[in-house]
Every structure is written in structure tokens, then in C-alpha cells.
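Here we start with a single chain on its own, the form predicted alone, put down as C-alpha cells.
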């Protein structure tokens, strides 16, 4: 129960950072946040740890926890690396995925589809994470899987906010279908390109993402 409360607080803090309530460089005080959310300091501390893992805040010894917004160039570079890592996963998974793994991928995709119909972006993000994690595992490369999971945590807040752009969930679902089709056909190159296009934030997608984050930078 306490863990779930910490996740809710972390989600709320992400929103408060993105809408500019907490500015870049601002110190986040545990006591003040505990009062704000009417909880003990424990779930607040756990929420801040999650945000530290994603890099949205930084903990400085003997000083505290501070908001740390990456600039547009750094953000673009991180998404660029994520897209290429996932492309490798998809290419390898196309030839290495087990029958059980493929059935899990289909199940994750069905869950994503049902959430799109309900227009629930937060639940879609969680199901989407599961879809991607299955591909990481089915690449058959444990080191690659861990690197993808590490960067996935780093980009979590930004990938979540992307889904709030009008029409993005439906577009994401269509991209999932292309990925699943390529995996089913054991076409590694097509799977790699499909997921690269799915993850990357070039052009209009990057413009929309930066527009969502703009208040925090002003």
C-alpha cells in the first residue's frame, strides 16, 4: 500500500515539475512534500528515489534533492540512443523469441489496445513498458536487456508525458502492430526499423514533447 502511494506521489511530482510548479534547480523538501500530500516522509522519500533513478531530480550530499531538467539536446540524444538500443533488441528478438515469449508479447499488445479504447494514458504507459520489457528479454542478451531497462527508467517521465499528446496513444498502438507483425515474420530488419520509428522523437514528435515541457523551462 505504501509503495503504491509512493508511486502516485512520484507521478504527481513529475506533473508538478513539467508544469513549472517546481522549477529547474529548485530544492524539494521532504517535510514540505509530506505535508502537501498528507503522508509520512517515507513514501515521499521513496518517490524522490524513483525520480532520482529517472534523473528528473538529483540528490546532492548534505544539501538535499533538487529538480534537474535535461535540456533539449540532452533529451534528444537520450531518445536517439534508446531508439537504437531497442532496434537491436527487436532485430535479435525476431530470430530468438520463444513461442512463450511471443504469446506474452501478443498479450501485452492486447492489453495496450484495450487501454487505448479507454483513453487511459497512465495505464497505457505501464502496459507499454511491459511490451517493451518483453522485447528486451527476448533479445536473448542479458547485458543489452539491463542497459535498455536502465535507460527506460531514465526516460520514463518523458515517455509518459509524450502519451498525453492528442492522438499519440492511437499512433503508438499502430506502431506496436507493425513491430509485432515483423517479429511474427522473423524479419529482424523490419522489426528494428519499426521500433526505431516508434521510440525516436525526431521532427514533430520532438516539437510536441518540448512544447509539453516548456513551462518547466520558463
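Positions refer to the first chain, counted from 1. Everything numeric here is computed off the predicted structure, so don't read it as measured data.
The protein also exists as the form predicted in complex with another copy of the chain; that form is not presented, and the subsequent description refers to it.
- The listed set 129, 84, 120, 107 contains one residue whose heavy atoms approach another copy of the chain in the model of the complex to within 4.5 Å, identified as 84.
- This chain is drawn without another copy of the chain; in the model of the complex, the residue among 69, 181, 59, 171 with a heavy atom within 4.5 Å of it is 59.
- The stretch from 146 to 154, 31 to 39, 173 to 181, 159 to 167 that comes within 4.5 Å of another copy of the chain in the model of the complex, counting heavy atoms only, is 146 to 154.
- When contacts are defined as a non-hydrogen atom within 4.5 Å, all of 53, 88 and 92 contact another copy of the chain in the model of the complex.
- The closest non-hydrogen atom of residue 100 lies beyond 4.5 Å of another copy of the chain in the model of the complex.
- The shortest heavy atom separation between residue 46 and another copy of the chain in the model of the complex is within 4.5 Å.
- Another copy of the chain in the model of the complex is approached by residue 196, whose closest heavy atom lies within 4.5 angstroms of it.
- Another copy of the chain is not shown here, but in the model of the complex it comes within 4.5 Å of a heavy atom of residue 78.
- Relative to this form, in the model of the complex the C-alpha atoms of residue 45 and residue 161 separate from one another by 3 angstroms or more.
- Distance between the C-alpha atoms of residue 11 and residue 144: shorter in the model of the complex than here (change of 3 Å or more).
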